[in-house]
Structure formats: C-alpha cells, structure tokens
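Shown here is one chain on its own, the form predicted on its own, set out as structure tokens.
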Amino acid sequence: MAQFDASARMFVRGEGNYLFDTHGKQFFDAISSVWTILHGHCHPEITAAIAEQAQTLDHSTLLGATHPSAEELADRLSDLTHLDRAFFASDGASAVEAALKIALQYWQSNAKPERTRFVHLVDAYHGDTAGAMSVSDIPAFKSRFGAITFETQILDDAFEDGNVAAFIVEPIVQAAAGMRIVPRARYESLKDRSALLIVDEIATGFGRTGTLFAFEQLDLQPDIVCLGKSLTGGALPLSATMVSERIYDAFLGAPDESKQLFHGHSYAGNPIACAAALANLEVLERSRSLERTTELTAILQREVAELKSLPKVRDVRATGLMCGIELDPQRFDSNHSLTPGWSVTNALFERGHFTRPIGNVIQFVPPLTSNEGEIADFCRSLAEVLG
C-alpha cells in the first residue's frame, strides 16, 4: 500500500476489452477486472438494459416483496443450474455466507443438529467475510482473523461425513490459489455422500472454463450453487445462492414455527442489477460465447505453451480462459524492492496490459470477447518482460 500510486492507475473509461486511463492510454483487460467482465466493458445491450430499468424501477426490496426482474432472473438461473430457488445478494462472499447458513439450518430442520462441520479443498478460497474465510485455506487471507472464524476440515480420501453439514468446493480451478487445477479424481468422493454439496462457481461460472458451469464437467449434482462476478457480465454487483427444492422446503412452516431463513440484504436482487444479468444471459446465449470460448481456449493453450520453456517460468496452468503463469522467484533479482509478481505485472502495464499477480503467479483471464491477436500480444509481451 505504501508503494501504490493511485494516479498512475486511474481508469476513466471502458470499451470492449480495454480500459482507458486519464491520459487516454488503453490497456487490455487481461484479468477481466478480476474475473468479472464477460463480453467486454460497457456492452451496449447490457448498458441499455440498465438504463431502461433505472427509468422504470430503480430499487425495491425483496424482504417481504418482489419485482418482475428478480422473478425472471430466478427462473432463468433455475433453468441453467437445474436448481429450483434463488437467494440474491450483491457479492460472491455474501452468496457463500448464505449457503453456509442455509446448510446449517437445513439439518436443524431435519432433526440432525449435530451436522455442523464444513469440509473444503486444500488451498480453498471462498471470500473475505467471516464464514467464507472459515471455509478457505489460504493463510494470507485468514491467518490474522482467527478470532472471527470457525474450525473446518480439509477433504481427504478417507472421510466420514456423519457430522458434516456440507462440502464446499471450487470446481476444477482454484483461482485465488494461483489458478491451481484440481485433479478430476479429487471430486469423486463427493458423488456418494449424505452431506450437502455446495459448489462455488463465483469465479468459474458463465463459460470461463469452457462450459456454462464448471461442475458440469465433473458430473456432480450440487445441492447449492453460489454464483457471482460474471452474473451481470461484470457491469454491476449481484450474486445468487441457488438451492434445490428439498432444501427450500425445509424453510417452510407456520409463522409461529420461525422456520424461515433469518438472513437478508437491503439491495438483494436490485432491479437494475437483475436487468443487467438478464441482458448478460441473453448476450451469452445469442453470441454463442461457449463455442467461442472453445476456440479461444485452443489459442490460449498454444500461446502460453511457448512460455513454459522460459527460464523464469516455473509452471503454466490453464483451463478454458483461466490461466496462471507461475514465476520462479530464484531467477529474479532478490534486491529488487518489488516481488517478482509485481515487477512483471508493472512491466506488462507499461506495455498496455492490465493484470495483477497472486503471489508470484501472473493471472491471465481474458474476456470471452477477446481475439487471437490480443491473446498472442499478451503472451508475447510477457515473454519480452521475462526476457
């Protein structure tokens, strides 16, 4: 923070796959503004939907009321995820918090209050709020906050789930762990379970890994799915916790039973954000983005393969359009004031590419609207920097 100069990275406009700063210089958004932008910045159909909704109904609470945009979006997401009900919030961590509370209360309603344990993957990351931190496993994000987190367990091969409320997993790619690719076999034990399964698709959802949702590639049947980030195409904050009907039914009862979920957010299901999400889903379907992602994946794999042979590169990990280039810190000047990750991303910024490191892993998560030239130019610039 002491080294950060806000004036050096002041973006004032976005168009297509590019951000523009106060000097008019353009930067390829190689990180999709932290895995959010799907169809480029300021997509005309999404911005038009936002403007139209803003002139009709700017906000109406979902606490004891509803509105057409939320109803329509819930139906669309139900069709896409094959889950039945939607609980809306604004960010991904909030979707995870809701999922954890839903899982706990579900078992209380089913006379199994002993099911309180949550199990996650090694190197898990699910957000920076208290519950989300608890089911995460990266010390940098949670080690200072033990006073407000609870004990959890890591998924291993010989696991008894008798006291487990839910397993929570990122499917295929653990983005915050440096684009770590999880072996498919790691998920096999989750197909035969008595506990609930929460799948966190916040980073991987909406085509990033080549299918609409990454869990489709794993033959998993989740009870709860958390959505966020690209839900609105990156235009506005919105998240959803999708649940099956049997979970929803556990929260139904007479008023004096108090079986409802005592959890809500003031701006949950904001009509403008829902309108953006509906427009995003329309663009995603009509533009055949998933087919294009398949084509771009082959291009990205070809281009990043050239980076593997560079002396300063320790590893390259990629699935779909989610890629991490891990640097070898021993190959860098140890007297430099910046980490290798930051020195490289700063040099990329000077060459017109905007991304951020995770430790010494360079993130490359381009929008689905990227083209072959943009992907090749990023990899070429990175090779020049590392040379």
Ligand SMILES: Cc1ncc(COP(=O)(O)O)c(C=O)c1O
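Everything numeric in this text was worked out from a predicted model, so none of it was measured. Numbers follow the displayed sequence, beginning with 1.
In what follows, reference is made to the form predicted together with the ligand, a form of this protein that is not presented.
Though the ligand is absent from this view, in the predicted bound form it lies within 4.5 Å of a heavy atom of just one residue from 203, 235, 164, 224, which is 203. Using a 4.5 Å heavy atom cutoff, 35, 93 and 125 all lie near the ligand in the predicted bound form. Taking non-hydrogen atoms only, residue 208 never approaches the ligand to within 4.5 angstroms in the predicted bound form. Taking the partner from the other structure, the ligand in the predicted bound form has no heavy atom within 4.5 Å of any heavy atom of residue 97.
At least one heavy atom of residue 229 is located within 4.5 Å of the ligand in the predicted bound form. In summary, the region of this chain contacting the ligand in the predicted bound form, judged by heavy atoms within 4.5 Å and restricted to 296 to 304, 143 to 151, 98 to 106, 194 to 202, corresponds to 194 to 202. Residues of 164 to 179 placing a heavy atom within 4.5 Å of the ligand in the predicted bound form: 170 alone.
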